[in-house]
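Presented as structure tokens, the chain that follows is alone, the form predicted on its own.
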């Protein structure tokens, strides 16, 4: 067994210091509340159905990367956390809660690949979110993840971006883009526009060029669009992953309310997977929405619609060998794998598939809030995804296309650590660089 396969406790103030405030009564009451009052029917079905066959094990990249250590099997993670809480009727120690939090937050990406391997379709990701919910209510959350959740609470974005900084960034990108596209605007708070474009907070904070690129695509496609000038522009949701369901609901309501205020026809989201999950699977359900109050589509769908309608046209093609990474939330969650490939192939005729692929593709190991748990837990996920490095290397591709921010974060670390000779791109990067640009100066 490798050194990396030996599970160890990772120092994290959010876990180590928080458990000192716990009492046995509080732990028991919190566990019983979450199990009996928030999750009774679905949870009972999964617990009663599981036959402990462990067929889910080989679905997990942690299990495969950590020398098939049973600790990292999906069923092992449930056994060492939720099942014990249920068996003991909530009477577990604060040390147990500390270890359960490390497993649930940092050793499971909630990617749902194991659902496809379970003969009964048991959703281990759902079971891990129950553990996270318990830990959140007990105040035992990784420090870095909790910081992003606090930022959501204070600013409605995950990166502490102030309102004036948001506006300044959009104006800066518009000014930059007008050197290339003289007629380009980034409309703000335009009521009645066809589209409200929303992004995740790391874009104005660290990747402002992506806003430039998106504005250029909207401009060249002749879209009637706008961005919000006030909170509601960040569609991301770290509260969903920390277990703060109440804040998750506030975030989604703010997002939808902003679109309602602007009276737009639909929301187009940037290339983020977890934000999409929050909108279509978790945040919307927590709010009790039967249908979306405003139609929402992911950037993959939007780009595909633009290409099919001829609103953007291919100007040049990439000659290098490319491969397409299937993000869990847009593929296992929403089935956008063929649309993603359609967009990619329009610009990249020389494509090779990873194996396995589509809904069976290996996770990036960054999603589920794991990358947001920060530097203390970085090497757990990097070592926990050597199987992904092997998968990428086997393609021989020079470019990996990944239409998801978290996937980019995780794959960048994998490519760097395992010294893979690959370049990582968003679909938006490729479209911007290779579409026809009749509105641009020569």
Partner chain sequence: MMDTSNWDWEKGVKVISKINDCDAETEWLTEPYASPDGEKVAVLAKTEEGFDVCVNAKAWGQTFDNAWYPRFSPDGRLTCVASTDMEWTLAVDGEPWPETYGYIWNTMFSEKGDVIAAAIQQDGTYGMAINGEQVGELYETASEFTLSADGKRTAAVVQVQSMDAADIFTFQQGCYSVAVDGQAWDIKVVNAWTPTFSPDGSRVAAQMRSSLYDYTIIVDGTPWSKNFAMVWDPCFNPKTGTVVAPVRMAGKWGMAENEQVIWDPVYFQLWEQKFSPDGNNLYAICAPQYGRWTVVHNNNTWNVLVNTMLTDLTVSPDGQRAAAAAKEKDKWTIMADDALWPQWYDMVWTPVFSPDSKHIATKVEKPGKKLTVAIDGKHYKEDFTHCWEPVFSPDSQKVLIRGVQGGKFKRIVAKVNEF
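Positions refer to the first chain, counted from 1. This one's a predicted model, so the numbers in the text were calculated from it and none came from an experiment.
Absent from the display: the form predicted in complex with the partner chain. The rest refers to it.
Asks: From the list 320, 179, 168, 95, which entry has a heavy atom within 4.5 Å of the partner chain in the predicted bound form?
Replies: Spelling it out, the residue with a heavy atom inside the cut-off is 168.
Asks: Quick one: of 263, 355, 89, 116, which gets a non-hydrogen atom within 4.5 angstroms of the partner chain in the predicted bound form?
Replies: The option sitting close enough to the partner is 263.
Asks: Quick one: which of 224 to 232, 116 to 124, 205 to 213, 312 to 320 gets within 4.5 Å of the partner chain in the predicted bound form, going by heavy atoms?
Replies: Comparing against the partner chain in the predicted bound form, the contact stretch is 224 to 232.
Asks: Answer yes or no: in the predicted bound form, does the partner chain come within 4.5 Å of a heavy atom in every one of 21, 154 and 295?
Replies: Result yes, every residue of the spot touches the partner chain.
Asks: Mark residue 244 yes when one of its heavy atoms lies within 4.5 Å of a heavy atom of the partner chain in the predicted bound form, and no otherwise.
Replies: Looking in the predicted bound form, residue contacts with the partner chain include residue 244, since a heavy atom lies within 4.5 Å.
Asks: Can you work out whether residue 250 and the partner chain are in contact in the predicted bound form, taking contact to mean some heavy atom pair no more than 4.5 Å apart?
Replies: Contact check for residue 250: yes, within 4.5 Å of the partner chain in the predicted bound form.
Asks: Quick one: is residue 99 in contact with the partner chain in the predicted bound form, heavy atoms, 4.5 Å cut-off?
Replies: No.
Asks: Verify the contact flag for residue 428: yes if a non-hydrogen atom of it lies within 4.5 Å of a non-hydrogen atom of the partner chain in the predicted bound form, no if not.
Replies: Contact check for residue 428: no, nothing within 4.5 Å of the partner chain in the predicted bound form.
Asks: Quick one: which residues from 123 to 155 get a non-hydrogen atom within 4.5 Å of the partner chain in the predicted bound form?
Replies: Sequence-ordered list: 136, 137, 138, 139, 143, 144, 146, 147, 150, 153, 154.
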